[in-house]
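In structure tokens, the next block holds one chain alone, the form predicted alone.
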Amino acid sequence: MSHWIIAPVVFPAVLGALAVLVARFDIVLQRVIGLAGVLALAALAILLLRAATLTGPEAYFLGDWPAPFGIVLVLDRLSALMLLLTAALALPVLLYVVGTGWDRRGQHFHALFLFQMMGLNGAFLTGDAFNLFVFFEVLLIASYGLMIHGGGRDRLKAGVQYVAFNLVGSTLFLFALATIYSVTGTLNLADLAQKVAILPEGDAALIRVGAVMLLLVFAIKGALVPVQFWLPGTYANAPGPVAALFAVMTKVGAYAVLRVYTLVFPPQTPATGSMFADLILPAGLVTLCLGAIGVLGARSLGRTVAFAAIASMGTLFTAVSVFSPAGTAAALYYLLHSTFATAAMFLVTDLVLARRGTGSLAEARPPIAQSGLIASLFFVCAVAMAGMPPLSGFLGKLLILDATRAAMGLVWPVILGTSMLMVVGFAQAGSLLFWKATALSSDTQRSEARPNALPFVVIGLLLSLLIGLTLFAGPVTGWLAKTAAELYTPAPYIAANALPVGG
């Protein structure tokens, strides 16, 4: 199985190059390459998930160079889960792109999409901190191309802001890696886990500096306060399906925090202790409050959904901050839910924008085509985003509340209070979009849209995944509990790298 571990990285890279070199002027062939590639990645992710479940962590050494000297990719339950989540999101998003013709509004959409898949898969599989930086840069380049797809002044402005903010993060990432390498002499995660645990007291301060800078980088990727400013403008101005794919982009930051701060800097490490839990918990709660207030006060539908995405990341980081198997299992369940729910809401937003012509919530507009069906989809997505019953968001928040009982007295009131704010915010937006529109004079012409069933089927597919998470919550949480337990027993992960004690 080890040779298949590199396939999720190499395969989309080859197909992306093929889409540029062979099919650049043939949109049908580009679609065939893109859809076939994503389908193959989904099948491969299922195969790798099964292998990780049955055999545990396994490493792939490029060029047979042993760790920590060579490039290593490591497959375990968490990385396999993220691979499957990425493929499960990418397939419906790409179908939506084909159904709405978004890929015709600019060049090389499918190539950029595949390169984005390459960066995501590489970030989830890498066992080396420097290569995590490399894949972050691949993500940045591909996501910028997708972000400005279709052009427009507002989109270009938001794209420049997005790149500038992330370039600052990339620079900080390099500083963090240099600091950590100067102390330990390695950037292999498994090797770091052993060396940081036995650092002398004199090196503790410097390693803490490097670890805090690394946390700030991951906070930028995960839109965690105080570095969340880039997200509302970026997501609100991105093309709808691109924003839906970006729902998994912020999860890269949460994944990196889980990977690095359970393996390299766990709470029991003498050099760092529980300082990262103490930093992440209040930041997560403030992020959640900021996102919920943004949902309530936003004046455009795109920004409403973007702030809801920020709120979901605050909820996720609140669960992560516990750094316990129960908290991590709850975080992973909520991560799955929030990814699909956010993506579905962004696609509904795109349908509204295509029919209404604007996402402004400042004034009522004429009724839109297929308003009843779109209103129903909006309602279900709003329930999911707010974490209300009966969908999986409610179960995810219950799991988080249970896991954080002993963490901090503010967790419960903040989570419950922000859920209510989000309900009010989405109700306000939905009322203006769908209910007040029907109150306009009868001589107002209804906007028409070319009927196309595929976008609605895609959104229904995403919502069916949320229903599946709800109906099969028991088996899913059981598997996630074992995944979380594996994170807090890193010996098999380290052994997969074949590292002697001490590096």
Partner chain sequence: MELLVASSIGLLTAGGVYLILRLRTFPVIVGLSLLSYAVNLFIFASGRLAIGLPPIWSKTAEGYSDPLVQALVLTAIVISFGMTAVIVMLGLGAYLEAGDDRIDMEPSSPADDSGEDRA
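Residue numbers count along the first chain shown, from 1. All values reported here derive from a predicted model rather than from experimental measurement.
From this point on, the text means the form predicted together with the partner chain, which you will not see here.
- Residue-level contacts in the predicted complex: of 416, 424, 178, 205, one residue has a heavy atom within 4.5 Å of the partner chain, and it is 178.
- Contact annotation: of the candidates 161, 324, 370, 107, the single residue with a non-hydrogen atom within 4.5 angstroms of the partner chain in the predicted complex is 161.
- At the 4.5 Å threshold, heavy atoms of residue 187 reach the partner chain in the predicted complex.
- The partner chain in the predicted complex comes within 4.5 Å of no heavy atom belonging to residue 198.
- Among residues of the shown chain, residue 379 is not one whose heavy atoms approach the partner chain to within 4.5 Å in the predicted complex.
- Taking non-hydrogen atoms only, residue 253 never approaches the partner chain to within 4.5 angstroms in the predicted complex.
- With respect to the partner chain in the predicted complex, the three residues 274, 338 and 383 uniformly fall beyond 4.5 angstroms at the level of their nearest heavy atom.
- Stretch 146-154 is the contacting one of 256-264, 277-285, 78-86, 146-154, since its residues have non-hydrogen atoms within 4.5 Å of the partner chain in the predicted complex.
- Annotation for 299-318: interface residues with the partner chain in the predicted complex are 299, 300, 301, 302, 303 [heavy atom within 4.5 Å].
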